[in-house]
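We begin with a single chain expressed as C-alpha cells, specifically the form predicted on its own.
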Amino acid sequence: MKQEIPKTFDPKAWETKLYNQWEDSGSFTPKIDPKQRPYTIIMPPPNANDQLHIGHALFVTLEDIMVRYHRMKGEPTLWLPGADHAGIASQVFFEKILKKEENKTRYDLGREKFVERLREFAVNKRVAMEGQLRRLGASCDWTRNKFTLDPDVSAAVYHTFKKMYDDGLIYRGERIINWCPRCATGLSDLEVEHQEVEGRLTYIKYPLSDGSGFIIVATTRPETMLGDTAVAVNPDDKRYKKLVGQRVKLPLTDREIPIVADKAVDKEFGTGAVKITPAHDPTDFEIGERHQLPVMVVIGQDYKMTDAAGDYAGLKINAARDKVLADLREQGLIEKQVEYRHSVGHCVRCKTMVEPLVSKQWFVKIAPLAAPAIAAVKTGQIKFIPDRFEKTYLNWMENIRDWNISRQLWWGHRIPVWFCKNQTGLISNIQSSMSSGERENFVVSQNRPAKCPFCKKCEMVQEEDTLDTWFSSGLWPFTTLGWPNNTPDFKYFYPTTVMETGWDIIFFWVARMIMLGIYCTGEVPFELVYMNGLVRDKEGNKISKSKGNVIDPIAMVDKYGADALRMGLVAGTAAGNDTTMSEDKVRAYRNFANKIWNAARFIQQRVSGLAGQPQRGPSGQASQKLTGMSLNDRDKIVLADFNKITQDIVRMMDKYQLGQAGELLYDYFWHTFCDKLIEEYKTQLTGERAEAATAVLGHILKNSLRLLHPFVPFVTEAVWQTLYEKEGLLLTQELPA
C-alpha cells in the first residue's frame, strides 16, 4: 500500500506514539553480555517535588544523545533513571503547601503523618516528572527506575552509615555548623552561598583588667560579644605583644577573658585585635580549639538570645544588637562606627541569612576518604570534560573539612542510631554546651535493638535527625545497581562509564560520589565526568523565577516539539560552558526539524517507485550498496565529502564534543545537502543519471538520519518509519560506517 510523507511534520501527532513504540520494544533495556563492555550512565536524579526545569532539559538532552549514540554503536547501553527525595527542598516546599492550603504546620500532623503525606506528594510529583522525561525523549531503562527512599536503596544507606561508624569515619560531636532558621536545620558549608551586604563596623573598648587602659576590637556583630571567651591578636603584631597573656573585662558582663595570640588574626582588619566567640564564628571556633577556650552559645536556633546572654535573653538578634549598642554607648565604650560592606552566608535554598552555631551533630571524617579520591583523578582513573575542572576539584579536595551529615528534618533517611531512654541529655540539642562532659550511650543499628545494652530495661529511642540528602546521593552510582549485594547488574555495569552533571555541584555531589564510591566498592564510580554549564537567557542572565525569565521546557515541547528544544539546548555549545536559551532559538530549530521532513518528502516524491516501496528507501538497494554503479567524478566527490563529515561526527561524538557535532550536522544537512546537493541533483532524477543520482541522495539521506537521530530522535524516527518501515526502528539501527 502506498505510504507518502504528509506535507508537514506535526510533532504532536508523532512524539507520544513513537516514544511508546520505543519503550514497548524493550530497546531501552540492555541485556548483560559478558563478551561486550557496557556503556553506563546513572541519571542524576531530579528532585521529586516539582516539575522539570530548563536545566533538567539540558542534562536529559545531553545524556540521551550519549546513550542513543552508543546504543547505535552496538554497545549494551544502560541509562538508569531515578528521583531524589531531596530532604530540605522537599520538606520546605511541602510545608509551604500545607500552610497555604490547610493552615497547618508539620507539628500539627506529627512526624509519622507528615512523612506519610509528603511521601504521597513525592510519588505523585515523581510520576508527573517521569512523564515529562518521556516528553523530552529520554530513552532510559524504566525497568530499573529507582528512588532514593526505595527500601533496597535505604538499606544500602544504613549499611554504609554503620560501616563508616564501625571504621571510625563517622563521629558525633559539637562543632560549629551553619544553621538556617527558615529551613530549621543545620547545613553543610556547600549549602551556604556568601553574598555581599551593607553593614557597620563597630569599634568597642574592652577595659584591661588591671585598669591600665583599653584594647579596642572591631566587629560587625556586637550582639555576639556576650559569648566572647577571648580577645585575639596576631603574634607578629608589635602593637599588642605586651598585652598577650593579660585579661580584659568583657563589657556588659561580669566575666574576664584572656588576650591570646593566633596566626589566624588579620593585622589589617579593624584595629588588629578581634573578639573571639567560638560558638558563633567558624574561625573563632578553630582559634578556640587551639587555645582551649570555653564555648558559650548565646544565640539559639530560633534566632533569639539564650539564657547565657543574661539580661538580653529572649531578644531577637536585631533587638539584642540595638540594646547592646545602646548600653555600650551609655557606658562610653564605643569609639566609633563606620559603614562596612562584607560577605555573609545565606542558605542556598531559601536565601535566609544563616547563623553559625555550635551544635551537636554527626560528622564524617573526610581526610581518609579524600586521599584516594584525589589520587583517582591525579592518576587518570577519572577524567573530567573539560579537563580544567580537574584543578577545581583538586583545589577543593585538598582543603576539604569534615562533613556535617545530620539534618534537623523529618523527611529523609532517619539516622540509624538508638539512645538509652533512661540516660539524660542524649538526644541532639542544638543549644547544648560543649563543656557538659556528658556520656552518651547509643547503638548504631538499622532496627531498634530488642533490649537496651546499657540500662537493660528501657525501650531505646532513635536519633531525631535525618541524613544529609547528599549522603544517599553520594552512593547513587552503585546502590541503584543493587550494592551491597553482588547483583548481576552491579557486577556488569559498575563502575559506570559517564557521570554527566552541572559544574555547580562538583563539590556537592561529584566529589562525594568519588569518595564514597572508592570507600564502599574499592573502585571508582565512573570513568568520566562530563560537566555541563548553566542555562542562561539570551541576555546572559541566569534563569530564575525571581528574574521572570523562566523557560518551561514542556511548554516549548508543546509549542515547537521536543527535537527543536533539544537542538536549541545543545547545538554549538561546549562542555562546561553556559548555554543561552530563548523561545526564538527553539523556534529556529523547529524549522530544522521541518527541513529534515521536507527534504525526505521531496526525495520520496521525485524518486520513481519509492512511494510504492517505502521499505526500500529512496535509492532502492543502491542506498545499501553504491559500488558497481556508474558514478561520475562529481558523485564520488559528494560521497567522499559525506564520508569525511561522517568520520568527523563520529570523532567528535567519541570525544564528547556533542555541541560541535550537532552544529556540524545541522550545517551540513541544511546548507550542503538541502540547499546545494538536492538542488544540484534534482534535475538528474530522471533519465540516464537517475539511478546514480537517486543512489547518492538516498545514501546521504538515510545515513544522515542515523547520524541525526541522537540529537533529533522524533523527526528522524518519523521519517525512517515512513520510508524504511520494514527495516525496524531507527533507534536500533547501526551508525554509518
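Numbers for residues come from their place in the sequence shown, where the first is 1. Predicted model, so just to flag it, every value in this text is computed and none were measured.
Unshown form predicted together with the RNA; subsequent notes refer to it.
Using heavy atoms and a 4.5 Å limit, would one call Thr283 a contact residue for the RNA in the predicted bound form? Yes.
Is Lys31 part of the interface with the RNA in the predicted bound form - any heavy atom within 4.5 Å? Result no; Lys31 lies far from the RNA in the predicted bound form.
Though only this chain appears here, would Arg126 touch the RNA in the predicted bound form if you measure heavy atom gaps against 4.5 Å? No, Arg126 sits far enough from the RNA in the predicted bound form that none of its heavy atoms falls within 4.5 Å.
Is the gap between Leu357 and the RNA in the predicted bound form 4.5 Å or less for some heavy atom pair? Judged by the heavy-atom cut-off of 4.5 Å, Leu357 is well away from the RNA in the predicted bound form.
For the chain shown here without its partner, which stretch in 451-459, 466-474, 384-392, 85-93 has non-hydrogen atoms within 4.5 angstroms of the RNA in the predicted bound form? Of the options given, it is 384-392.
Just one of Gln246, Thr253, Gln132, Thr220 has a heavy atom within 4.5 Å of the RNA in the predicted bound form. Which one? After the contact test, the surviving option is Thr220.
Here the chain is shown alone; which of Gly502, Pro181, Pro495, Gly272 has a heavy atom within 4.5 Å of the RNA in the predicted bound form? Filtering the options by heavy-atom distance leaves Gly272.
The RNA in the predicted bound form: contacted by all of Ala574, Tyr666 and Glu679, heavy atom 4.5 Å: The answer is yes: all three residues contact the partner (heavy atom, 4.5 Å cut-off).
Need the contact residues for 561-592: heavy atom within 4.5 Å of the RNA in the predicted bound form, sequence order, or none if there are none. Counting only heavy atoms within 4.5 Å of the RNA in the predicted bound form, the contacting residues of 561-592 are Gly572, Ala574, Asn577, Asp578, Thr580, Asp584, Lys585, Ala588, Arg590, Asn591.
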